[in-house]
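We begin with a single chain expressed as structure tokens, specifically the form predicted alone.
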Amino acid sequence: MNSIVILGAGNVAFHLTRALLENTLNVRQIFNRTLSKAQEIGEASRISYTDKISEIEKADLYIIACADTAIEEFSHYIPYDDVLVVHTSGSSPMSVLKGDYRKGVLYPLQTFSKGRTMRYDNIPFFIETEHEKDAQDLVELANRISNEVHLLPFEKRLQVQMCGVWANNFVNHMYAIAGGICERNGLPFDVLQPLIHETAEKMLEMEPKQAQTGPARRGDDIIINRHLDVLQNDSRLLQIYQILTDSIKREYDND
């Protein structure tokens, strides 16, 4: 891939641009419908940027890194048919790309925020293409960035993306709930950080099922009922606590 254009200017586009450039890959341009967002990445990376479809440059590879709901629209912007166009979504099929060009997917399994400095070499990349030669080229490109690259069809990629929702998005929401309870009781969220760090470190050394602790794992109904009493005035948190507690109990019923 001698030249790359990225369409989109969100968190994924920001970090993917940085990862490609850090590995001496030729990102020629950033396109986004909002010029200021394209400018932010373009100026930081010292590459061309535009918000005009007519100014999209010719390249070997076009990476659509935007929200799933915008992929199809962005896919119509590319006026060339002798190029490879990929999106970066784990939950959208390759068929969402609607042009006459060659199609593929380059999905990085990671949570991205612009303010974070990240290591890119340990991010898993999942690839799917229409043609074997394009798969080989994408694998070669991804291997320049990451040590973990896989070919994976949409049905399995969707499962992997859903695993990410369980392991990251839902877990982060639990942190937000815990932080809110801390705040209401005059405690800083920092008091939970040693527990969070230890839990995360255990996941690197143990299977999650082996690492599970707590009152639901022990079947300690006295403690569980005390927690439920505390949550009586918040039906939403009460329901979440009950569902998660029941799920943990069921997981270990036969242990």
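Counting begins at 1, following the sequence as shown. Predicted model, so just to flag it, every value in this text is computed and none were measured.
The discussion below concerns the form predicted in complex with a further copy of the same chain, not included here.
Trainee: Using heavy atoms only and a 4.5 Å cut-off, decide whether all three of L158, Q161 and I181 touch a further copy of the same chain in the predicted complex.
Mentor: Looking in the predicted complex, the three residues L158, Q161 and I181 all sit within 4.5 Å of a further copy of the same chain (heavy atoms).
Trainee: Can you pick the one in L35, I56, A70, V230 that has a heavy atom within 4.5 Å of a further copy of the same chain in the predicted complex?
Mentor: Of the listed residues, the single hit is V230.
Trainee: Answer with one of S45, T199, Q39, N26: the residue that has a non-hydrogen atom within 4.5 Å of a further copy of the same chain in the predicted complex.
Mentor: Result of the distance check: T199.
Trainee: Quick one: find which of 80 to 88, 122 to 130, 136 to 144, 97 to 105 has residues within 4.5 Å of a further copy of the same chain in the predicted complex by heavy atom distance.
Mentor: In short, 122 to 130.
Trainee: Although a further copy of the same chain is absent from this view, report whether H173 comes within 4.5 Å of it in the predicted complex, heavy atoms only.
Mentor: Flag for H173 set to yes.
Trainee: Please tell me whether any heavy atom belonging to G214 falls inside 4.5 Å of a heavy atom of a further copy of the same chain, as the geometry stands in the predicted complex.
Mentor: So G214 counts as contacting a further copy of the same chain.
Trainee: Give a yes/no on whether S92 approaches a further copy of the same chain to within 4.5 Å in the predicted complex, heavy atoms considered.
Mentor: Yes, contact at 4.5 Å.
Trainee: Evaluate M1 for contact with a further copy of the same chain in the predicted complex, applying a 4.5 angstroms cut-off between non-hydrogen atoms, and reply yes or no.
Mentor: No, no contact at 4.5 Å.
Trainee: Pull the contact list for 236 to 250: residues with a heavy atom within 4.5 Å of a further copy of the same chain in the predicted complex, in sequence order.
Mentor: Contacting residues: R236, L237, Q239, I240, Y241, I243, L244, T245, S247, I248, R250.
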